[in-house]
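Below sits a lone chain in structure tokens, taken as the form predicted on its own.
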């Protein structure tokens, strides 16, 4: 053995997995599922009967939680589907920059500056007008599969 010091670059993510498996037959409406590598909220589930030589199949219709696009998938009901780990976190809004990025205050007092205003025009307008009117706003950020987006707004009164 040599006396040299070994140095390893640890590039692995120590956090929890971004998805977990769940049997397709147990996924219901309003649950989350990964369709075509996108996190979706299930809006419709239909199950077909087994054929002469096959499995019962589940037909999922989901809405992408970030883009709002409709996606569909058909999976044998006995197989596993990926379910995204979806989290919601509230942050206080500090500032909105000219290029559309928001500055948010985290629970521990740090700032989070890597999020844009939402693509939803109505929510975007509510945040912008509320901020410019001097209101104290709390935004809810939804995150799944390494993506984050502002999805809701709460007015906690004037500053």
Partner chain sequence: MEQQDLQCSMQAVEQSCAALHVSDPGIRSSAEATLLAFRKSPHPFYACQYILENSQVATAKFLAAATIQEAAIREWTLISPEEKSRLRSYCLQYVMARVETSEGYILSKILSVVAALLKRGWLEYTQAEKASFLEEVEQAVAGRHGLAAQRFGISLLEALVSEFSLSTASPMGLPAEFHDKCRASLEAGYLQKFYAWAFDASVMVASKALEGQGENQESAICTVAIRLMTQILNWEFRGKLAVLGKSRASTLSSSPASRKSSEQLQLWHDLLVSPAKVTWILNFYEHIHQKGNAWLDLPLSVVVRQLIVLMCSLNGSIFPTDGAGTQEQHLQRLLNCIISWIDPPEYVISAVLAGTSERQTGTLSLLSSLTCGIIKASCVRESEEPSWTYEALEVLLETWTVILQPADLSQKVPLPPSGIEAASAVFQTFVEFEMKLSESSALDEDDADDMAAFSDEAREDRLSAVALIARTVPSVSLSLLTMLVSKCFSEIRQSLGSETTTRCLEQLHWLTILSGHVLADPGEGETPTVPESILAVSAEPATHPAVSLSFALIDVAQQSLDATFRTTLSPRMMEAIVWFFGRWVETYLMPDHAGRGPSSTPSGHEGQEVSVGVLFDGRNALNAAFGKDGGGPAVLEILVRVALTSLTAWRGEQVLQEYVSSRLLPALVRRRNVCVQLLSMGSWQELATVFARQDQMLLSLSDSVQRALSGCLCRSAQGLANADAANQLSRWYVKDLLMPMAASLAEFSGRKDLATFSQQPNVIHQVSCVLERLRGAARETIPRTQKAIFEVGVSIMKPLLVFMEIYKNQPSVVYLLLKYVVVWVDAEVVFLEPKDTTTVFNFCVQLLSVYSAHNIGKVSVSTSRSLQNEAQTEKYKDLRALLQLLTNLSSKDLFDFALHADENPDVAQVVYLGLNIITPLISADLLKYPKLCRQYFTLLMHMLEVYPEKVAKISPEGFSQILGTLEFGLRQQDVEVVNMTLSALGALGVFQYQALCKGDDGLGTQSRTSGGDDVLSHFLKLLMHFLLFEDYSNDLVEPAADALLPLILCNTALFEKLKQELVQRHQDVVSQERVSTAFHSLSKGIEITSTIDRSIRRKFRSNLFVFLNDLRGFLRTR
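These numbers were taken from a predicted model, which means no experiment stands behind them. Positions refer to the first chain, counted from 1.
Omitted from view is the form predicted in complex with its partner chain, to which the following refers.
Taking 4.5 Å between heavy atoms as the contact cutoff, choose which of 116, 29, 36, 112 touches its partner chain in the predicted complex. Contact with its partner chain in the predicted complex is made by 29 alone.
Give me the residue from 106, 128, 103, 48 that has a heavy atom within 4.5 Å of its partner chain in the predicted complex. So the residue touching its partner chain in the predicted complex, by this definition, is 48.
Exercise: residue 86 in contact with its partner chain in the predicted complex, heavy atom 4.5 Å: Yes, residue 86 is a contact residue.
Should residue 134 be classed as touching its partner chain in the predicted complex when contacts are defined as heavy atoms within 4.5 Å? Outside the cut-off, so no.
In the predicted complex, does residue 64 come within 4.5 Å of its partner chain, counting heavy atoms only? Taking the distances in the predicted complex, the answer for residue 64 is yes, it comes within 4.5 Å of its partner chain.
Considering non-hydrogen atoms and a 4.5 Å limit, does its partner chain approach residue 93 in the predicted complex? Although its partner chain is absent here, residue 93 would stay clear of it in the predicted complex, with no heavy atoms inside 4.5 Å.
Judged by heavy atom distances of 4.5 Å or less, which residues of 114-137 approach its partner chain in the predicted complex? Heavy-atom contacts within 4.5 Å come from 119, 120, 122, 123, 126.
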